[in-house]
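Heads up, the chain below is alone and in the form predicted on its own; it's given as structure tokens.
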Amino acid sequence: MGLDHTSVKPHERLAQVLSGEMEQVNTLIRDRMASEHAPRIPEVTAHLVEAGGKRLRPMLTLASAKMCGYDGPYHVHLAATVEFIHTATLLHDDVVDESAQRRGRPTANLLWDNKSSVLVGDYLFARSFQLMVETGSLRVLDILANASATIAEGEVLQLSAATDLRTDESVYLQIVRGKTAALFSAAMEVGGVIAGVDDALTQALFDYGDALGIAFQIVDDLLDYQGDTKATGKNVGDDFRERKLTLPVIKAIAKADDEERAFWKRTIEKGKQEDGDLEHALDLLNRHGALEATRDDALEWADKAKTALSAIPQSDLRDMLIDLADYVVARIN
């Protein structure tokens, strides 16, 4: 099913179809982020939760459960759980990355402090586990606990690998599976588990989320070098300036001669960057076809996501999720 760019975007269509349940999710989130003893918790959480964002991950859980014929009530709990895990990781990420902006607004660590961000993130993780337990499903608990551990593992791996020129595509994929795809795949998988579908279908849901998450992150990394600042909200070359070894650079380094390798060593490993370095980096990426190859990888992962859904019976929700995979990579077409 092709994507019609003149129509409503797939995630907006999902939001329309799931609006009733998403309202319940938002009510549950507001209810569970309350704290009678520590008013700073709802203050910090509300700043992030109310900032908008597409709410893609909780919508994936709701869509997955409904697509598999589930009619409630625990898909709402699981969608809120997924959003809590995501928000907790954002709070911690912004401290680790020393970020000043998130979704066009000042980050919580900037408005309050690092201590508040870390501790409120911990609180949200704990809240997410309380919500999981309420579903009464050990398998759901297993999937989401695993995803939480994988996310943390991916972030720690990125700390050591991000400026190490030996980082190859397999390590990059491991990082991406951790920090991005793990929650996408878990969000999809628990929808199938709560609906009680068989293992083959839950595997298909997992595979869709995994491939969608990987495509999503690769597109993000590509747009850092060739995106429109107004559209992405990021400056071109932010990853380069922050010395992050993302897929385009990994591909260029794999083809680099000694002189080029010395350039990457100076700018990424040692962080000694001078005027004109970003332009030279872009020139090397283009010279070795690294941007084009990265784009091909993103499209391939989007295709894998769509193929995974072919195991799921046809429905409007399934078509929207197929369109979503196209939409994720449409920004680089």
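Quantities reported herein were computed from a predicted structural model and do not represent experimental measurements. Heads up: residue numbers just count along the shown sequence, starting at 1.
From this point on, the text means the form predicted in complex with another copy of the chain, which you will not see here.
- Distance criterion of 4.5 Å from any heavy atom to another copy of the chain in the predicted complex singles out Glu155 from the list Glu155, Asp238, Glu169, Glu260.
- Residue-level contacts in the predicted complex: of Leu173, Ala254, Leu165, Ala145, one residue has a heavy atom within 4.5 Å of another copy of the chain, and it is Ala145.
- The stretch from 183-191, 71-79, 208-216, 117-125 that comes within 4.5 Å of another copy of the chain in the predicted complex, counting heavy atoms only, is 117-125.
- Contact between Val249 and another copy of the chain in the predicted complex is not found at the 4.5 Å heavy atom cutoff.
- Contact check for Glu36: a heavy atom falls within 4.5 Å of another copy of the chain in the predicted complex.
- The closest non-hydrogen atom of His92 lies within 4.5 Å of another copy of the chain in the predicted complex.
- Although the partner is absent here, Leu159 is a contact residue: one of its heavy atoms lies within 4.5 angstroms of another copy of the chain in the predicted complex.
- Within 4.5 Å of another copy of the chain in the predicted complex, a heavy atom is found for none of Ala15, Met22 and Ala204.
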